[in-house]
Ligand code: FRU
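Encoded as structure tokens, the following chain is the form predicted alone, with no partner shown.
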């Protein structure tokens, strides 16, 4: 993505609560007047740390992917091939601010340990390289060779158009298609192609977001090079009419012994709280048209502030694994991270279950996390500091509870469990850690539904140096948030209902 969000000037403190209600615009991004064809963005690169200090900086995530240096946002081109998970991502190879949009590249064999590769795609005469996807062309439909890795992405110059590049050496090198763009456009509201093979109709299907024009365009192709418009999808979003639509992903999922389609779309500004958010729409797809179930939208994938632009890996069979950008356009350019900026969420497995007679999209951290986990131990009220950890708190739902994580400096993250309403509320304020870098970062409370009918609930906290990802054990709720405490939280207090807590260490993926 993306150059088209309107900036937000920081408002006076008295106006911030109102901004949370109506949504806000990011203050750091997406200059509409930026022309990548004439603006070289030749600012000097930031001073690089020594290798000895690299990935040991304050706030540096230890179990989440971050580039060694420079700014990152949306995951792109996520594809699995020959035992390797490829993760491309929006990247500025020249600095720690937004600009020079390229595709960075990292690879993993286990979804946990990542190896940063050379930058895969940089801008050309069609513009910056915005978000997109990649597929493995097993049957050589495009003519680049059986098994070629084919990337579809948005070329963002004077307009947002769709282009193609391919690799025949496992993603190490890409060749741009001479016929680019493969889908022409005349404005800035067509982007982020996500492509999959639709077996029943025997064609590739592409989802494209319409940005501020709102909605999703579907295209079809037999060869990945020539595309035909199939249909347009749009539903009104209750209470949120002015959101731009981005980063679509149409997936088919197991559901009640059969199959069901789910369309995932990131929207901004005005997620579950404010700024960025990701919604999902269950429905049906016939190879041409997507029809959403008759429900009140948006339905949120995550009820925190910091899970955006997430898409699933292709070529993984029936397993659906998603990765999201762990940040928010409201303050993405201000978070106190250097010489890198932004991390990805932990990879999450998606499943569709029935709750109260309707489909509910659930997400849990992938099982591969066990590969860096220590043994479970009783948590107690405190523990020695660790690189990162998973804390599991089981609480009864016969009365309200308060779960407080804190550190030796007295900084704390508070989660309220409301038993009767089956909701939780997480508070992120100056008490949590540093919030001074942007006035929209402090949030009085963000709420989400537990979506459970039992007499107790187990909450899993995945705690890293600058983030807390919270899930119900079954994944019926997820809540992802950045936090910037002076030191990792290492104290626990639970009041209210009866509770049990266990903890296990998660080792740094960089050691």
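Residue numbers count along the first chain shown, from 1. Computed from a predicted model, the values in this text were never measured in an experiment.
One more form of this protein, predicted together with the ligand, exists but is not displayed; see below.
Peer 1: Might residue 218 be said to contact the ligand in the predicted complex, defining contact as any heavy atom within 4.5 Å?
Peer 2: Answer no; every heavy atom of residue 218 is more than 4.5 Å from the ligand in the predicted complex.
Peer 1: Even though the ligand is not shown here, does residue 88 get within 4.5 Å of it in the predicted complex, heavy atoms only?
Peer 2: Close contact is absent here: in the predicted complex, residue 88 is far from the ligand, nothing within 4.5 Å, heavy atoms only.
Peer 1: Find out whether any non-hydrogen atom of residue 206 is located within 4.5 angstroms of the ligand in the predicted complex, and reply yes or no.
Peer 2: Looking in the predicted complex, residue contacts with the ligand do not include residue 206, since no heavy atom lies within 4.5 Å.
Peer 1: With a cut-off of 4.5 Å between heavy atoms, is residue 247 one of the residues that contacts the ligand in the predicted complex?
Peer 2: Yes, residue 247 is a contact residue.
Peer 1: Please state whether every one of the three residues 130, 192 and 308 places a non-hydrogen atom within 4.5 angstroms of the ligand in the predicted complex.
Peer 2: Checking in the predicted complex: 130, 192 and 308 are all within 4.5 Å of the ligand.
Peer 1: Looking at 303, 144, 389, 98, which has any heavy atom no more than 4.5 Å from the ligand in the predicted complex?
Peer 2: Selected option: 98.
Peer 1: Since exactly one of 401, 163, 73, 440 fits, which has a heavy atom within 4.5 Å of the ligand in the predicted complex?
Peer 2: For this set of options, the contacting one is 73.
Peer 1: Just to confirm the contact call: exactly one of 283-291, 90-98, 315-323, 133-141 touches the ligand in the predicted complex at a 4.5 Å heavy atom cutoff, so which is it?
Peer 2: Within 4.5 Å of the partner lies stretch 90-98.
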